[in-house]
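Read the single chain below, which is given as structure tokens and is the form predicted alone.
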Amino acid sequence: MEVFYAREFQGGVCRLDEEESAHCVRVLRHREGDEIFVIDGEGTCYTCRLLDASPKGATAEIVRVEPDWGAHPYRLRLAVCPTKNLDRFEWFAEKATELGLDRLSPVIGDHSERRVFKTERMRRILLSASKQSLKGAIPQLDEPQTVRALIASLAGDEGCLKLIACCFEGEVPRLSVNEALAQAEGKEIVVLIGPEGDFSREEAALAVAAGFLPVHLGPSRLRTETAALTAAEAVYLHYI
């Protein structure tokens, strides 16, 4: 099943941008009359019939509408420190999208080795992973902010279950992530994952004071991107 993405929907017709049109027409060789599937990035999939197979701006008639296409019964936000090797972070984001990620918040911690993160390439990765995994919604991508700013923005927010995966064994009582998820009760789930050097003790203390529950992801020592993906998988498996 080939899935395309469009931003323009009007009068029962959708229009693909030049990049999507070229992929549809030149690479996959679709022609007028072919059935194609188009997502709007907000959760809806449109079954369409190709009207104009222009590689610079293909248009298609909408035949059927499927809201909440590929949706999951939870809302997951991952706030993760980008890794020094950016390929690892991109790999995690792609796989987390396949599992069911709703919002990705890159955060910069006190111990972060990567302190600059640009979002342009990541948006393309999230789009591609959404199409590949048959999802109508593309994860929201936030602009980078500090760990402290993210914590402050969620302080007092009772509408979400806030978890921080940290390594301070013995200093802060930690639940397993599965135990913590039992408290979700329909709330948005927010998981905060630190950089290669973990959170500073000051960041962890701020998070706990803001209502974050310290959790662990098992006995293995995990890389940042593995920890983030493990958290996404734990949520995914909790709801299936």
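Counting begins at 1, following the sequence as shown. Here the structure is a predicted model, which means the values were calculated and not measured.
FYI, the form predicted together with another copy of the chain isn't displayed, but the following is about it.
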Check: Is Val25 close enough to another copy of the chain in the predicted complex to count, meaning some heavy atom within 4.5 Å?
Finding: no
Check: Is there a heavy atom of Lys162 lying 4.5 Å or less from a heavy atom of another copy of the chain in the predicted complex?
Finding: no
Check: Going by a heavy atom distance of 4.5 Å, is Arg114 a contact of another copy of the chain in the predicted complex?
Finding: no
Check: So in the predicted complex, does any heavy atom of Ser220 sit within 4.5 Å of another copy of the chain?
Finding: yes
Notebook entry, point to check: Pick from 145-153, 97-105, 119-127, 78-86: which stretch has a heavy atom within 4.5 Å of another copy of the chain in the predicted complex?
Noted result: 97-105
Notebook entry, point to check: Only one of Ile39, Val177, Ile36, Ala207 has a non-hydrogen atom within 4.5 angstroms of another copy of the chain in the predicted complex; which is it?
Noted result: Val177
Margin query: Can you confirm whether Tyr5, Arg15 and Gln140, the three residues that make up this candidate site, all sit within 4.5 Å of another copy of the chain in the predicted complex, judged by heavy atoms?
Written below: no
Check: in the predicted complex, which residues of 219-240 put a heavy atom within 4.5 Å of another copy of the chain?
Finding: Pro219, Ser220, Arg221, Leu222, Arg223, Glu225, Thr226, Leu229, Thr230, Glu233, Ala234, Tyr236, Leu237, Ile240
